[in-house]
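This document opens with one chain alone, in structure tokens, the form predicted alone.
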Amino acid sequence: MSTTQSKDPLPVRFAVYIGLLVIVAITFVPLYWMIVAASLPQEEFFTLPPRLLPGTHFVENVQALEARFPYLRSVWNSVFVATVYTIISLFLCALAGFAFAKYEFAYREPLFYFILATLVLPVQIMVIPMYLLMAQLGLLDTHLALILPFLANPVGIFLMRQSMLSIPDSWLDAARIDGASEFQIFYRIALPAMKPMLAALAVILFISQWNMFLYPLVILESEELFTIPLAIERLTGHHRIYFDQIMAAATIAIIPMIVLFLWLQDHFVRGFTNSM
């Protein structure tokens, strides 16, 4: 078994490690402070020197948060919307990527590049047209209106198409000779070969829906349908800002994303490294 050693001089490697440690610290210090602040009463937020270790008021902060607003219901709403969106969008993106990669049809290339061109459109200019469309369909103030417009994700179609190109055509031809239908070829051959990219795309889709704020703000009116970003925005009062409750809400909000990433991290890294 061979080992690979860096040829860079020791001072260079040391500088690289120091730089990486600084980047990691800059990334995690705000996250750590959020967790610490979620366990402190608000009176201790602005004391000097600042408290650096977690306190014991996390449960009290969550109870006060839930008394002001049904936040745990918003957590469930976000989990439901993001999960349903991720599952359906994954399937549709994989299906579209498979078609663009393995089938010849009229206007295939122009249609693919047209889908890619939609990436340059910011969500802000699409909010009003999508609002009017959802109003015509009678879907305002529903979770379906949050899921439906983004199911055909251009990034997902692009990533799946690029990954599907790596599948040898001989595999598909052999399956056709054995009598497999086109959908069986997609379901039994293409999808299993794309597991790492599917996992990476699942994380991307879940986080994009989880963090969405502007569009749900326009679509949703009922508090019982609010997702987490809308619920946290509602916690900001006009006369007083309850930082302790907001920090507790933000801490709860990151737990599903951390669990999802830890669950899929091996496939996530492998999916992107294999696509490069």
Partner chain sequence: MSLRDKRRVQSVKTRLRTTRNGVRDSLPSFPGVPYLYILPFYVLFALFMAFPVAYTFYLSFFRYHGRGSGYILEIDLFVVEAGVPRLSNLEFVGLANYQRLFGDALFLQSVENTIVVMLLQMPLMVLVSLLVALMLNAKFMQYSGYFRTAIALPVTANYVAYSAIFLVMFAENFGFINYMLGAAGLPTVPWRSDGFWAKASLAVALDWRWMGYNMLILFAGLQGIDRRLYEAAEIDGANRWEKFRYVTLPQLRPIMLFVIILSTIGSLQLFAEPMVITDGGPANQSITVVMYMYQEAFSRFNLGYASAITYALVVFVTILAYVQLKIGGE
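Every value quoted in this text rests on a predicted model; they were computed, and no experiment measured them. Positions refer to the first chain, counted from 1. Between two forms, the rigid core is defined as the largest C-alpha subset superposing within 1.5 Å.
Note that the form predicted together with its partner chain isn't included here; everything after this is about it.
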Check: A64: heavy atom within 4.5 Å of its partner chain in the predicted complex?
Finding: no
Next item on the list: Mark T118 yes when one of its heavy atoms lies within 4.5 Å of a heavy atom of its partner chain in the predicted complex, and no otherwise.
Entry: yes
Note to self: Does any part of R176 reach within 4.5 Å of its partner chain in the predicted complex? Heavy atoms only, please.
What the structure shows: yes
Notebook entry, point to check: Quick one: is Y85 in contact with its partner chain in the predicted complex, heavy atoms, 4.5 Å cut-off?
Noted result: no
Check: So which of L133, V79, I189, L72 gets a non-hydrogen atom within 4.5 Å of its partner chain in the predicted complex?
Finding: L133
Notebook entry, point to check: So which residues in 85 to 120, when you check its partner chain in the predicted complex, have a heavy atom no farther than 4.5 Å from it?
Noted result: L92, L95, A96, F98, A99, F100, A101, K102, Y103, E104, F105, A106, R108, L111, F112, F114, I115, T118
Margin query: Please state whether L214 has a C-alpha shift of 2 Å or more between this form and the one not shown, with the rigid core used for the fit.
Written below: no
Next item on the list: Taking the rigid core as the superposition reference, indicate whether the CA of L260 shifts 2 angstroms or more between this form and the one not shown.
Entry: yes
